[in-house]
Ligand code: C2E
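Here's a solo chain for you in structure tokens, the form predicted on its own.
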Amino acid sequence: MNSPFAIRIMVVDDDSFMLKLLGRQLAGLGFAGVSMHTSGRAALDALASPPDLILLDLKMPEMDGIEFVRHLVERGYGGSLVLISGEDERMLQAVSTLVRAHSITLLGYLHKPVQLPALAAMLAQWAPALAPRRRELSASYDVSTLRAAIAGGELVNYYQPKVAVSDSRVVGVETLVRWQHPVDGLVFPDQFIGVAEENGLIDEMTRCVLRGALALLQGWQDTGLNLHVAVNLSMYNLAAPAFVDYVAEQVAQAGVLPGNVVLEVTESRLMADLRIPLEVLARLRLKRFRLSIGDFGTGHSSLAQLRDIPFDELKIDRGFVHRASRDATLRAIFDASMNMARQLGMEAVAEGVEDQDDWDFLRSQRCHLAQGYFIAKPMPSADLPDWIARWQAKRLGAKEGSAA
């Protein structure tokens, strides 16, 4: 594999044999700019010219990998990281969570001794040019620029399909807002949602997203497609009782059924004072809109939210779905979430389905719905008809093959 980038890679490991092994493997994969260091101290001394990627051993004398990560944060490291260790899964997951909390791009972790196919697969998915680019852009969007973008119609909806796990049937889509920036191209919501929430623009933004989603749903209904559309809500949208009337009016004007509209709230963002949000959500539920709790398990009061709010759908966070088939800890959390959904009469949606192993695992667990890159990436509405046709043809082909 020849690298299209002038990539600088640093390997930090106190084991000289492991250093030589990784050096040979990286060279065989086409990466030439590799520096080797037997200690965290030596690696820090070489950070005057920061590498694009660091392969880091966790268990080292004098300075372990966790302490090294803290020093990377202090120095504003903007590259990517791969953890390498012989520690158990739970330890690696804990350190992975810590690295991501520091906003360092983590590609993943590899077990010692590192196997070449695993290393090659991890690096093959790496896009080193993207992470620094997105960091630079995120600081440049101010409230006036975003306000002009909303007024100018630069926000566009992308849609990620959701399918039934039992028979692969397409059941609907989740609406995901993007900013089609005239200079920077497609900008993802993590770079502007916070600006909208902090500056009173989130209501206007959500209304734009909702109107686009309802137009799509109306078109589907006119052609006889009985699919649902999910729209993400900010807790700021739920701070005013008038939001209920706005949503109901828009749905009535579009002539669509409230039951085909799923309103998703990310549970980690739910407020401590739930009085007005609870009123808004309860009234929406009375009007027969479907309510979904997103990223389940990532917040601090998940069970209380399930107790207090009449959700119809529980979305299991991607962190508990991908690799759950081969990770006992993730599987235990996934199973607990699935059992809770069943006992409460809720549909369970698995997010972050990335590969065949994830899909097969969900089928074995009788999960209700799934979404993720294994099924489809988010796409513009214009691309949905062709994708649905291809997916249905694939689904029918699979059925005929199994019947034979």
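Residue indices: 1-based, along the sequence shown. No experiment lies behind these values; they were computed from the predicted model shown.
Another form exists, predicted in complex with the ligand; not displayed. Remarks below refer to it.
Trainee: Here the chain is shown alone; which of 160, 218, 85, 145 has a heavy atom within 4.5 Å of the ligand in the predicted bound form?
Mentor: Only one listed residue qualifies here, and that residue is 160.
Trainee: Using heavy atoms only and a 4.5 Å cut-off, determine which of 119, 202, 324, 261 is in contact with the ligand in the predicted bound form.
Mentor: That would be 202.
Trainee: Choose from 72-80, 96-104, 329-337, 172-180 the stretch whose residues reach within 4.5 Å of the ligand in the predicted bound form, heavy atoms counted.
Mentor: Of the stretches listed, the one contacting the partner is 172-180.
Trainee: Using a 4.5 Å heavy atom cut-off, are 292, 310 and 341 all in contact with the ligand in the predicted bound form?
Mentor: No.
Trainee: Would residue 168 show up as a contact with the ligand in the predicted bound form if we use heavy atoms at 4.5 Å?
Mentor: Result no; residue 168 lies far from the ligand in the predicted bound form.
Trainee: Since only the chain is shown here, I'm wondering whether residue 314 would be in contact with the ligand in the predicted bound form (any heavy atom pair within 4.5 Å).
Mentor: No.
Trainee: Is residue 198 close enough to the ligand in the predicted bound form to count, meaning some heavy atom within 4.5 Å?
Mentor: Contact with the ligand, no.
Trainee: Using the partner position in the predicted bound form, report whether residue 189 sits within 4.5 Å of the ligand, counting heavy atoms only.
Mentor: Residue-level check for residue 189: yes, a contact with the ligand.
Trainee: Going through 363-382, which residues have a heavy atom within 4.5 Å of the ligand in the predicted bound form? Please give them in sequence order.
Mentor: Contacts from 363-382: 372, 373, 378.
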